[in-house]
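Listed next as structure tokens is one chain, alone, in the form predicted alone.
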């Protein structure tokens, strides 16, 4: 089944209905310190925000076509903050000259009983993971560097195993529809991170759920 590229954004605040412009890449663990040093020099603040989040991916299967996917996310480092529910639309085909993937993004803060609510609505939890990492900001751009871990015992966020020896890096901007000029700023920052990191517009047809 084809699915949009997985995005791993920390719990930061609610966005009702915006377009997400996204570039993704990865960096090996041994190059992580060099990348963080480079980002400290390029971004607005020297020290990034840190996060540890638990994300659950829910599916609702219909009579035909691909299932409807929602993502529930909570902060493990700040357990009293609201949960977040995210919907990520299919990437727009649109203008192939765009430097970033573009898709609809709906993000709302919710109460802590979100998993129970989704179960009662007929959604099934497909998989869950823990993301830990750093988040930098440069103007409207957000750069997230995440280590991803699978959860070995369902619901037990203390019992995890790293998915790989590399970190996922995402450069994104949330903006109203039609603000395609933001992708130029993203391309400029991505160029400054080479050769440490190669951020790309991921082809969704090559992503498998």
Partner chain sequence: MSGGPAVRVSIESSCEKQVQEVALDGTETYVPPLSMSQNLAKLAQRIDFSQGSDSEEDSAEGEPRDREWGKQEQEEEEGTVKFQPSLWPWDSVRNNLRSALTEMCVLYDVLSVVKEKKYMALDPVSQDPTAGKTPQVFQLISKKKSLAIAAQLLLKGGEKLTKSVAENQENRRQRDFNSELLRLRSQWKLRKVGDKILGDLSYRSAGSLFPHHGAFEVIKNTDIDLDKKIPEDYCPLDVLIPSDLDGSAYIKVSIQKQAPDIGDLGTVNLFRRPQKNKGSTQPWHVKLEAAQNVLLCKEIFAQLSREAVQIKSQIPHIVVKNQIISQPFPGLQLSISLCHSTSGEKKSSRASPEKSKPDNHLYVLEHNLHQMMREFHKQQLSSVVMPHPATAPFGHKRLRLAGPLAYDKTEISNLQQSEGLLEKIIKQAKHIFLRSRTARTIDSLASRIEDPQIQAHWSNINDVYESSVKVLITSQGYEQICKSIQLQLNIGVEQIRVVHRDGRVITLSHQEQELQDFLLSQMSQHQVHAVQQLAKVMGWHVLSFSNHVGLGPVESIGNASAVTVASPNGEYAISVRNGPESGCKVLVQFPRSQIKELPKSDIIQDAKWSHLRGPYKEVHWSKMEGRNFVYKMELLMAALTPCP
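Residue numbers count along the first chain shown, from 1. Being a predicted model, the structure only gives us computed values, none of them experimental.
Heads up, the form predicted together with its partner chain isn't pictured, but that's what we're talking about next.
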Three-residue site 58, 157 and 162 fully in contact with its partner chain in the predicted complex at 4.5 Å by heavy atom:
no
Which residue, 43, 171, 148, 182, has a heavy atom that falls within 4.5 Å of its partner chain in the predicted complex?
43
Could you tell me if residue 103 has a non-hydrogen atom within 4.5 Å of its partner chain in the predicted complex?
no
My question is simply whether residue 130 lines the interface with its partner chain in the predicted complex - judged by any non-hydrogen atom within 4.5 Å.
no
Would residue 141 sit within 4.5 Å of its partner chain in the predicted complex, counting heavy atoms only?
yes
Any non-hydrogen atom of residue 125 within 4.5 angstroms of its partner chain in the predicted complex:
no
Going through 100 to 118, which residues have a heavy atom within 4.5 Å of its partner chain in the predicted complex? Please give them in sequence order.
107, 109, 110, 111
